[in-house]
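There is one chain below, alone, in structure tokens, taken in the form predicted on its own.
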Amino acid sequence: MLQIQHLTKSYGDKKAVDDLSLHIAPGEIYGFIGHNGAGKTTTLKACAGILPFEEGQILIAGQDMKARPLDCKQQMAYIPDNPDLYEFMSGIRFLNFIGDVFRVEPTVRRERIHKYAQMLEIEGDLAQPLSAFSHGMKQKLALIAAWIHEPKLILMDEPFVGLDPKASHLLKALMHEHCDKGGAIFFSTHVLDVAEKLCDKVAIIKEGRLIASGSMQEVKGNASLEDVFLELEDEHA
């Protein structure tokens, strides 16, 4: 579903991502962990097609991001850590705009908006302007927008930050449902206990370089993910 091959992205003389390779298969929830500045967001933005990169290749469902960016973007959704929404729009207008972009048929669109807005308990707020939405409400709206066209791949940057416990629980259920249908999810997080319980596979990045990846059991063994993460960070310091 997602193939990252020898990805390198530099800012001046600094390599934010250095020769990174990862493969994410259909049905997998793949966690991406590392300290601030490790290269997680840069990697996700490159995969989403909104950040150019110097070397390497990114394939989305077999399509090359550089050669066929629109075909790739039709197959995915990307949720940044701080969703920057059009605040002059109402919630429902924004969702309809996203539905238009991805050409979601109106009847199907209404059914999906109703399903997810009711589940996330913001259906009664959709007529309000986004400028009146709290950060948590904007995150919920961004989740609905991501799910509305049933993408094959969903990319998320710190999706659990700012969500209340109930919304976090619902997001985990949505992630499992998406992958049970054959989709894939690649997301960054600092919440290691969530990653340990939720992810099928995990990758650890430090200073732009991959230092561990594989199934959760392969990476953490009999220790906790937190212990392994801290130990690997010390080894590569």
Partner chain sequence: MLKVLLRTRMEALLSVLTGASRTKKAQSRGKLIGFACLMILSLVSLGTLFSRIFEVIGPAFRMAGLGWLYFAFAAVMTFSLMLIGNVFTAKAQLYEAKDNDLLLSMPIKPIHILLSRLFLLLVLALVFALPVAIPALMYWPGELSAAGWAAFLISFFLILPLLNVVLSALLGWLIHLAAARARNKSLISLLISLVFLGVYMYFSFQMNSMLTDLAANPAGLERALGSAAPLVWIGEGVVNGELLRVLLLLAASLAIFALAMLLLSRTFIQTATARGSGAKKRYVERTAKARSPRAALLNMELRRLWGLPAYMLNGALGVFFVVIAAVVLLIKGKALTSMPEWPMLAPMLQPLFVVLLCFMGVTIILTAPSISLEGRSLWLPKSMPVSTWDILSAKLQLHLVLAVPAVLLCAAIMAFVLEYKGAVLFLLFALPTVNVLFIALLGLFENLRHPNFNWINETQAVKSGMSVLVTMFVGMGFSALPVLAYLLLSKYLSMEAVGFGMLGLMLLLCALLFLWLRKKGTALFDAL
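Residue numbers count along the first chain shown, from 1. Everything numeric here is computed off the predicted structure, so don't read it as measured data.
Not pictured, yet referred to below: the form predicted together with its partner chain.
Taking 167, 156, 126, 144 one by one, only a single residue has any non-hydrogen atom within 4.5 Å of its partner chain in the model of the complex, and it is 126. The three marked residues, 96, 106 and 132, each reach its partner chain in the model of the complex, with a heavy atom inside 4.5 Å.
Among heavy atoms of residue 62, none comes within 4.5 Å of its partner chain in the model of the complex. At the 4.5 Å threshold, heavy atoms of residue 161 stay clear of its partner chain in the model of the complex, well away from it.
Its partner chain is not shown here, and in the model of the complex it never comes within 4.5 Å of any heavy atom of residue 120.
Residue contact with its partner chain in the model of the complex: residue 191 places no heavy atom within 4.5 Å of it. Here the chain stands by itself, but in the model of the complex one stretch of 171 to 179, 50 to 58, 202 to 210, 22 to 30, 50 to 58, has heavy atoms within 4.5 Å of its partner chain.
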